[in-house]
Ligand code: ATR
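Encoded as structure tokens, the following chain is the form predicted alone, with no partner shown.
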Amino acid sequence: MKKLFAIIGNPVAHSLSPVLHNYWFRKYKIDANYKLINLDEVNLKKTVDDLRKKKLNGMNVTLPYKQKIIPFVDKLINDAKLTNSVNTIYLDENGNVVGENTDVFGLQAAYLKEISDAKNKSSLIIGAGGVSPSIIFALQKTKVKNISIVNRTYEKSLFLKKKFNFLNILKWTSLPEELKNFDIIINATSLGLKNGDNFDFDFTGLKEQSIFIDTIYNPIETKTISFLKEKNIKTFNGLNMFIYQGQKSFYLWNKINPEIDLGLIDLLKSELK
């Protein structure tokens, strides 16, 4: 019987997860299909129940449900337990619905392993939403000690500080002025997403040696990344993080560690043009 996998979120139309996973299904001759499910919050439980009943064989979870999905899973493991953020769900051999987090691995594998002298770097996370706990934990694992966060809604930052008490919290109004104080800046908001809003200020004043990482991969070059490239600031879009987190999800579901080959990279980039 054909296996069925999906990504759930709202919105999900921008997601390339079906392109990624269906490529690997074809490559490894797995009889499976991966689709988008745009979901209202009231249907979260029903969708997890579909997994429990094996109508679905695995799911990815994106905004805004990475925390909201947690009450409906049976157990959290590994990075999901430590971050309280879930992006991958599957059934274990005992029929338990397991919530795991592959975003931490994705961020480390894509970017943070490249950062030298991390313990002496200062980092700023913009946004306190679904992927933010994973970014905080990935930075912590990479030995970055000075981690700050800023969010439009100040209370959301305070909520994260309860879990990560070492966080420094900044006010949104101070963001343009504060940017110059950081070596690593990571956009964890949806600002810049295809057909969405952009930042309402530019990023003038960043240190020349700073690094800007965007968790957004669609479009492949946001207005912010374009602006910073012109200023010769080192930038990364979210594509590599997306691929690596997907690679780990694929392994959790299929026990195959899929190759990230040039055919896949070219296919994804062609979808983003």
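Predicted model only: the values in this text are computed from it and were never measured. Throughout, we count residues from 1 along the sequence that is shown.
Although not depicted, the form predicted in complex with the named molecule is the subject of the following passage.
This chain appears without its partner; in the predicted complex, the one residue of D197, D117, E177, D92 with a heavy atom within 4.5 Å of the named molecule is D197. When the named molecule is considered in the predicted complex, only one residue from K163, R152, K145, K81 comes within 4.5 Å through any heavy atom, namely R152.
Figure note: of the listed segments 99-107, 186-194, 82-90, 136-144, the one touching the named molecule in the predicted complex, with heavy atoms no more than 4.5 Å away, is 186-194. The named molecule is not drawn, but in the predicted complex it has no heavy atom within 4.5 Å of K75. Among residues of the shown chain, L63 is one whose heavy atoms approach the named molecule to within 4.5 Å in the predicted complex. At a distance threshold of 4.5 angstroms between non-hydrogen atoms, W172 is in contact with the named molecule in the predicted complex. For the partner-free chain shown, G127, A128, G129 of 108-129 come within 4.5 angstroms of the named molecule in the predicted complex, judged by any non-hydrogen atom.
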